[in-house]
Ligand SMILES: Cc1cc2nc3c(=O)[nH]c(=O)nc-3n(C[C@H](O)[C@H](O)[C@H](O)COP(=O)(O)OP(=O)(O)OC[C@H]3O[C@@H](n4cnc5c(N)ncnc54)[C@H](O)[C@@H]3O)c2cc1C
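Read the single chain below, which is given as structure tokens and is the form predicted on its own.
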């Protein structure tokens, strides 16, 4: 820790991904910066517990490869993203239904043309050829062929449903972000019913997908935020950071100049030019940037709004054998149990489990049931169609304030500059995603640089629109 009389340009309070992103923007502009973190580690909610060789995320938010900040934030060049299999598996009525991979090369016009062609195609019975003078052949339905055992994986709806869904995803992928943000704002659950898609597609795919992306099982989130989530999904692939969620903040911290990040330092008060710590007294500066969660920020600066939160519980199991082939994300459309989505994470990222072991991670959204472990185990047996009695429980991570809620009306670009020398960032100032946290850190750093009279090396206009 610097001496009490030591002066730096900017003090950042909090070493989550928002604060670390801001630190990179400031240090790359030549601004002396120190990051103070009360915990003994960086990352905040993006933490990973190590148990017997397994790497277990505490929240496990889903990322997409299309997040612009993952590509443009300094320090993340070495980040390895492990994608899920193309498309998704949805469990409904005792079967797995596969949603086709969004086609990045297919235009919205082409997808719509395919849908219209399927809808307008005449249903003409195939002519039956018979020999001259032979009696007519009976209809095929009176002579059934031997039945085959039903497949456990079926497409989601018919060909027309698939084409309509593909067209909808292609349209939203091609829509500029500024147009998505100009749409009327409703709760996401209400907006879905007005999209012109069949109810089975909305309830069987879009609702469970958005619940997983937004950590909001009731879809009370702003429809604009939901559209941004679908936009990111349609333009990329769902993925996880290799090695665990904490790989991202650790890469950011490791790429900063030595001595920039100080852990185990608890900040007790802040002002525009001074920070007081419990262990090391005061530190003077030209500006203070709060990069903590919303509640901690409001404790240091009374008057800041604290949003409601979505609770998230992640249950990790070690299974004797993989209950599902491939790195698929499995969603529950029927909501017959507490698990919203689950995956054989060791298929997605083999570094998260010891060699020869299987890691299954399952996410419960909302308030968990009292008999959580038994309810989750029974529900997973239905979702995977495999017994779970021999699965070993590795950890249960309950986070009551996991993800800031974004009900309408929601300002996706809440101000990060409170006054000259005092700034705030985090996923509670942007969208409640890793992309939103990183982007808010960039915005706050640029505001601080503007007040210091320094032009950032990479301006906001030179980057792709953030989602």
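Residue numbers count along the first chain shown, from 1. Given the structure is predicted, the values throughout are model-derived calculations rather than measurements.
Absent from the display: the form predicted in complex with the named molecule. The rest refers to it.
Peer 1: Is there any non-hydrogen atom of residue 333 lying within 4.5 Å of the named molecule in the predicted complex?
Peer 2: No.
Peer 1: Counting only non-hydrogen atoms and a 4.5 angstroms cut-off, does residue 39 reach the named molecule in the predicted complex?
Peer 2: Yes, residue 39 sits close enough to the named molecule in the predicted complex that at least one of its heavy atoms falls within 4.5 Å.
Peer 1: Could you confirm whether residue 292 comes within 4.5 Å of the named molecule in the predicted complex, counting heavy atoms only?
Peer 2: Residue 292: contacts the named molecule in the predicted complex.
Peer 1: Would you check, heavy atoms only and a 4.5 Å threshold, whether residue 226 touches the named molecule in the predicted complex?
Peer 2: No.
Peer 1: Based on heavy atom distances of at most 4.5 Å to the named molecule in the predicted complex, which listed stretch, 396-404, 24-32, 414-422, 48-56, is the contact stretch?
Peer 2: Flagged stretch: 396-404.
Peer 1: Three residues, 43, 61 and 437; all within 4.5 Å of the named molecule in the predicted complex via heavy atoms?
Peer 2: Yes, the whole trio is in contact, each within 4.5 Å by some heavy atom.
Peer 1: Considering 265, 85, 81, 381, which brings a non-hydrogen atom within 4.5 Å of the named molecule in the predicted complex?
Peer 2: Here the answer is residue option 265.
Peer 1: I need to confirm a contact call. Of 376, 209, 312, 275, which residue comes within 4.5 Å of the named molecule in the predicted complex, counting heavy atoms only?
Peer 2: After the contact test, the surviving option is 312.
Peer 1: What residues of 212-234, in sequence order, lie within 4.5 Å of the named molecule in the predicted complex by heavy atom?
Peer 2: Result: 215 alone.
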